[in-house]
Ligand SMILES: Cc1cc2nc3c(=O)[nH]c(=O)nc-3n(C[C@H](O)[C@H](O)[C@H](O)COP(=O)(O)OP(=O)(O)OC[C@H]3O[C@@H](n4cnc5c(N)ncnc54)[C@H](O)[C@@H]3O)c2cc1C
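One chain follows as C-alpha cells, the form predicted alone.
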C-alpha cells in the first residue's frame, strides 16, 4: 500500500527544521532513517500532511569524544556506522557488537539510533543497552535544549518523553572506567528481539553491575535484585561463581516482570529467557 500524499520538506539546518515543525504543528512529523516511519505511513497507521526530512542536518551526524571524556553520538548515525566506528569500538565495544547484529544489513545501513529511540518500539535492541550504560539523550525544541536519562525516556509502547516539536540531537555516554565491560544478548524471531538483556559490569570505582532486560515489556526494565546482590559479592570472587550467586536474584527479577503472551512467545517463556540471556551477557563481561 502507498502512503497518503504528503509534502516533503528538506531543511538544511536544525533551526530550519524546528521552524517548519512550528509552522505546520501536528500535521507534520520528522523523518530520519525511515525504517519505522515509512512502514507506518504505508500501512496508514500514521498519516501526516507534511514530512520534514532531517537526514541532511549536520548537527545530528557526529561521533566524537567531548573534553570530559563523554562519548557523543549524533542521532542520525546509523547502526552500521556505530558498529564500525573506531571510537565506539574502542570505548564501547559491547554497544558496537550489538549494533553489528541489529535486524539485517538493510536496516543497519538505513536505520538511525535516533529513529529507533524516538519511535519507541519495545522490540528494539539499542534502548536496553543504552539504559544499562546510563546514557542520556539531548533534545532541542522551541524552548531550548534539555537532557533526559535514557532510563526515563521510554514511557510505554511507542511513547517517549520527547515532545512532538522536539528533535533528538544526540545520545551521550559518560566515560567508562578501565575495569568496565559490557555485553548484550538477545533471542527473537523475525529480526526483532523477543527478549534482550544488557549487562555492564565494573570491577573498579567501585564494583557495580547494571543489568537491564528489554523487549519483554513496554520499556526496558532494571533487574534491581540482581544489581543489589552483585554489590554484595566479594571483589575477588571467581568468574564462574558470580552467576551462581546471581542466578536466584535474576530469576526473582524475571518472575516479577509483567510479561504478556504474544507472537514473540508466551509470558513464562520470555521470563525464562531473561535468566538465560542474563547469564550469557554476564559471562561475556567477566574476565
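Positions refer to the first chain, counted from 1. Computed from a predicted model, the values in this text were never measured in an experiment.
The discussion below concerns the form predicted in complex with the named molecule, not included here.
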Testing 84-92, 206-214, 143-151, 123-131 against the named molecule in the model of the complex with a 4.5 Å heavy atom criterion leaves exactly one stretch, namely 123-131
Does residue 37 reach the named molecule in the model of the complex if we count a contact as any heavy atom within 4.5 Å?
-> yes
Using 4.5 Å between non-hydrogen atoms, is residue 191 touching the named molecule in the model of the complex?
-> yes
May I ask you to state whether residue 116 is within 4.5 Å of the named molecule in the model of the complex, using heavy atom distances?
-> yes
Would residue 29 sit within 4.5 Å of the named molecule in the model of the complex, counting heavy atoms only?
-> yes
Only hit among 183, 173, 102, 96 for heavy atom within 4.5 Å of the named molecule in the model of the complex is 102
Contacting member of 226, 54, 254, 259, with respect to the named molecule in the model of the complex [4.5 Å, heavy atom] | 54
Every residue of 195, 220 and 274 near the named molecule in the model of the complex, heavy atom within 4.5 Å | no
Applying a 4.5 angstroms cut-off on non-hydrogen atoms, the residues of 153-179 near the named molecule in the model of the complex are 162, 166, 167, 168
